[in-house]
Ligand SMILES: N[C@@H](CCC(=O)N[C@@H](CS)C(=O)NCC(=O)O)C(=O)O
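First, one chain by itself in structure tokens, the form predicted on its own.
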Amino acid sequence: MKLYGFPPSPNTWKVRAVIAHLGIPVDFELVDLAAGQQRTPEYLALNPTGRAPVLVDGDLVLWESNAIMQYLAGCNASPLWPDDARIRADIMRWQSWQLAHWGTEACGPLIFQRAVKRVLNIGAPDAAIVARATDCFNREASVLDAHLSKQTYLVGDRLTLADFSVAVPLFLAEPAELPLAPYQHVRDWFARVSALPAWRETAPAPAAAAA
């Protein structure tokens, strides 16, 4: 089994963290997004979208990070992805929310404008985008905080894939200036999730962590 990815990418990082948490033997192949390797014919043959990561397991070629995480946890009978239709639906609910709102509308734009632009030296943050994303962040963080006031993890009282998906952008909270201060329950939950050894074992180099 082989994972193609770019370590500083949050999507690659969360998959690698799940792999480390589950103790799965997976070879890693660097795809340097900064150098344009995702646009080579060889890589596009694996993932026509030109994004990372991609998992190759025999004749299975799988892209999209949440799908990769579900496959890996499902193959290993992990409590991260229990064999229970209701629990899986709840996990998928939070992963869908992360994709559509938490990542795309809130955390992602703030990370790009305030952290990635600085690392790549490609200009100042766009004030209008920052304002819009900050409003989205506060709206979504309020929902998340209220939910976490009632339980330890996103899906009940047990760690699942949902926690890996939703937590990963918060590792960039400081450089992206994510307004986390009002959300105590989110901060407490993130402290629990981020303390997992799997994150430290797979952490990107600090200089590249915002890319």
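Since we're looking at a predicted model, the values are computed, not measured. One-based numbering along the sequence shown.
Another form, the form predicted in complex with this ligand, is not on view; read the next lines as being about it.
Colleague: Hey, of 139-147, 62-70, 152-160, 179-187, which bit sits against this ligand in the model of the complex at 4.5 Å between non-hydrogen atoms?
Modeller: Single hit among the candidates: 62-70.
Colleague: Within 4.5 Å of this ligand in the model of the complex, heavy atoms considered, which of L99, V130, V116, M92?
Modeller: Looking at L99, V130, V116, M92 one by one, just L99 meets the 4.5 Å heavy-atom criterion.
Colleague: Answer with one of V56, V26, L33, A173: the residue that has a non-hydrogen atom within 4.5 Å of this ligand in the model of the complex.
Modeller: Exactly one listed residue reaches within 4.5 Å, namely L33.
Colleague: Could you list the residues in 30-52 that come within 4.5 Å of this ligand in the model of the complex, counting only heavy atoms and keeping sequence order?
Modeller: Heavy-atom contacts within 4.5 Å come from L33, Q38, R39, G50, R51, A52.
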